[in-house]
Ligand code: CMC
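The data below hold one chain only, encoded as structure tokens and taken in the form predicted alone.
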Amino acid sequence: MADKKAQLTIEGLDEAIDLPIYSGTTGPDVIDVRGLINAGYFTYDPGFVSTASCESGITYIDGANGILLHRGYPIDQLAKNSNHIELCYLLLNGELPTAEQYADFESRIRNHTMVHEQIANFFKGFRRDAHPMAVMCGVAGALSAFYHDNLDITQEYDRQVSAIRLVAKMPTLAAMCYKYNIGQPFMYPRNDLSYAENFLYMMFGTPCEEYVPNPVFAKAMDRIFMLHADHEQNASTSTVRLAGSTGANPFACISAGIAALWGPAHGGANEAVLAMLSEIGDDSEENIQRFVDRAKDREDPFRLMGFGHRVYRNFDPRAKVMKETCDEVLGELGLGDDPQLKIAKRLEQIALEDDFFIERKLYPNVDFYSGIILKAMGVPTNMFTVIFAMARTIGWVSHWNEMITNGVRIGRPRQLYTGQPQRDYPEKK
């Protein structure tokens, strides 16, 4: 039932329209505008920035206060005390697992990491120089052609199997995209490694010699997975939900999410950080300051990427944890003579000390630090968004599962039509 109601008075209508108002667990109340259609109206909200498209109990963001909760748990607490597999269980099932539940869930993930051998042949249809995200979109969608035995989305068991398969196989597919791009042989997953270790092994290992994942790198990669696992109703998650509302299979829905994530306005932020560092180029103090001055100049189109956040108007709660991880990785490697990393560290220092950035709350965000970490670990820039997609898979599939479980109505946004009114086709002479 509605907690309150609003009344909308429209010029020309004799009676006001009653609109129910609902309160969630936390966050702003929402006005139910579905009754407007009975009066011949609907709302206009480009980008859906003022529209709650669904009801969800998975993730909550308070951008004004820098809060990100997964199932009620603050992201910084999860990142410091949990791991990606436990977070996957939490997002998918709603509660932290018991020791027995965790062991069972982790075992199921571990034993579903291999992909059908014929998928290797599927890769051969792509050009070697294709962008890994282009390949990832196609291969993820094609999983339904290889795993079509548990695709009855009305059955909870089938949805759970699909979720397990997606979380388990995405690192394998991501590593295959990388190996195919650089012309190296695919590396089969190893069940004796952790989730993050296994990904690093499949990315950087070769049949020629033994590869032992660096534990600092594995911890950093696990943190990257956790901090990108879900972010409420963003563009790619909304895409997955909209595709899923048609009854499409989960692999097709996740492929749609990957395509949406590929957009530079969404998943390409950490790539943009590296592009910015390349543009700055020279790591001298004078040159870095010149670019900082340009960023302060409203007439100059140059922008410092990785500072501030569209959602978080205060600070990105993920950034503090990611900064600690960044420092650990750089400490493990030694900063060395890499000019891009020197530029990045100097920009970070300026942003945290300069009044211009402090007053505007332009703090380094999670994309700034994750870009530096991936660069330092030797991950090529064109793989950044692929790793983001791999991390976000659990968020996508959790929202998809929640939507199907709660009952779904096919998505059908409306429009404000501004085209030609009805007109007659001209007679031909």
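One-based numbering along the sequence shown. On a predicted model such as this, the values are computed, not experimentally measured, just so you know. For the two forms, the rigid core is made up of the largest set of C-alpha atoms that agree within 1.5 Å on superposition.
FYI, the form predicted in complex with this ligand isn't displayed, but the following is about it.
The listed set F356, Y73, Y211, F186 contains one residue whose heavy atoms approach this ligand in the predicted bound form to within 4.5 Å, identified as F356.
Among G308, G138, G205, P317, the residue placing a heavy atom within 4.5 Å of this ligand in the predicted bound form is G308.
Look at 309 to 317, 241 to 249, 125 to 133, 341 to 349: in the predicted bound form, residues with non-hydrogen atoms within 4.5 angstroms of this ligand sit in 309 to 317. Not displayed here, this ligand is approached by A295 to within 4.5 Å at the level of heavy atoms in the predicted bound form. Using a 4.5 angstroms threshold between heavy atoms, F388 counts as touching this ligand in the predicted bound form.
This ligand is not drawn, but in the predicted bound form it has no heavy atom within 4.5 Å of I85. Taking the partner from the other structure, this ligand in the predicted bound form has a heavy atom within 4.5 Å of a heavy atom of P264. For a residue to qualify, one of its non-hydrogen atoms must sit within 4.5 Å of this ligand in the predicted bound form; all three of A269, L304 and N365 qualify.
Once both forms are fitted on their core, the CA shift for V115 between this form and the one not shown remains under 2 Å. A displacement of 2 angstroms or greater separates the C-alpha positions of G308 between this form and the one not shown, with the rigid core held in common. T393 shows a C-alpha shift below 2 Å between this form and the one not shown [criterion: core-superposed Cα displacement of 2 Å].
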